[in-house]
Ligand code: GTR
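Consider the single chain below, provided in structure tokens and representing the form predicted alone.
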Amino acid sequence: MNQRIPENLLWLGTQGNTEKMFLTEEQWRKERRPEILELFRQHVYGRAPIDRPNSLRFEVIDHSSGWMNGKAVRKKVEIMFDGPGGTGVIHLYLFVPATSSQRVPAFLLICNRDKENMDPDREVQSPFWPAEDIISRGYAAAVFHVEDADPDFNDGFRNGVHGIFDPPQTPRSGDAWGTIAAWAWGASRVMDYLETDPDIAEDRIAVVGHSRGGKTALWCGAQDERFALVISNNSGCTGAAITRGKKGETVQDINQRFPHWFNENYKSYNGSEEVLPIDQHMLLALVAPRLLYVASATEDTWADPESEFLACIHADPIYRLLGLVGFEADGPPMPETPLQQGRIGYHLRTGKHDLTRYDWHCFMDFADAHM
């Protein structure tokens, strides 16, 4: 397999300081990791102007039993916040196993598809969010929709959390946060609530995303170390896939089709991926030492499974640096042959760009073994 990544891109500082060639664990934690986070904020995702707002508050508007033939308790939670531009609300739907006497681990889905896929009344039971399956495995099932945080269209950053929190500045700075970063911010606010829920084991929460939601889950998990497991499903370009030499969607493609997803600085790398000071394996490495899972699909050539697999290979050295088994792979696996021995899990599923029950059960198998 073509490695495609300059050997020093992960290990060296941006100034090419050869003393960083062989990092120590302390250098990674105190120097290189913060530096890589800053590079992604500056060049790709942008920086949020606020972390947890002082005005953040929660209201459980529904707490009812008897769901899923008595196997689950449902909660509807409003996560509210205020800023200079108004008030925002993220609607969280949460199902918890009814029979558990202890706090349970949870999977939080960042939903980027139609809201019927996250139907809290369970009249529609979509494989995109198979809450019944998640409950049956002993996990809590949580979901919110991305548009509660920010709309998924190019609105000039006037609505959603951009409209609430962005400072009045024209033009916006080149590193101002884009929509992916706004969604990631929303997932962290959901985590703020989950930490307070008496039924949830706050140290065993996974954040999951598919496609653009997978890009969001990775950026959220890279920044927010409270998530114990970070899962990317078919996230592709500017998600889990190595950018250099990638097949399918390119940086130019994604910036032209979705100019609101990333910061303005990222557009300067259209057609010039090789000069980026980072690549996506470095985003995956930011999850270390926590658990990471990357999933691909055979027909999803736009996302490029080979580049997603390659990113796992290149993220592995940081797990090894921290004294952990990272990615155990001799080569790309056959479809439906998950690799789950190390702290980085991976599978290639037969089929198209989608999030399926098979994917979910692989994620839960991995969590069973490691979380």
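We number the residues from 1 along the sequence you see. Everything quoted here is computed from the prediction, not taken from an experiment.
Heads up, the form predicted in complex with this ligand isn't pictured, but that's what we're talking about next.
Residues with any non-hydrogen atom within 4.5 angstroms of this ligand in the predicted bound form fall in just one of 158-166, 291-299, 253-261, 118-126: 253-261. Note on the partner interface in the predicted bound form: the residue among Arg212, Arg137, His145, Arg189 having a heavy atom within 4.5 angstroms of this ligand is Arg212. Checked against this ligand in the predicted bound form, the residues Glu249, Asp224, Asp199, Glu78 give one hit for a heavy atom within 4.5 Å, which is Glu249. Taking the partner from elsewhere, Arg357 is found to have every heavy atom lying beyond 4.5 Å of this ligand in the predicted bound form. This ligand is not drawn, but in the predicted bound form it has a heavy atom within 4.5 Å of His353.
At a distance threshold of 4.5 angstroms between non-hydrogen atoms, Asn112 is in contact with this ligand in the predicted bound form.
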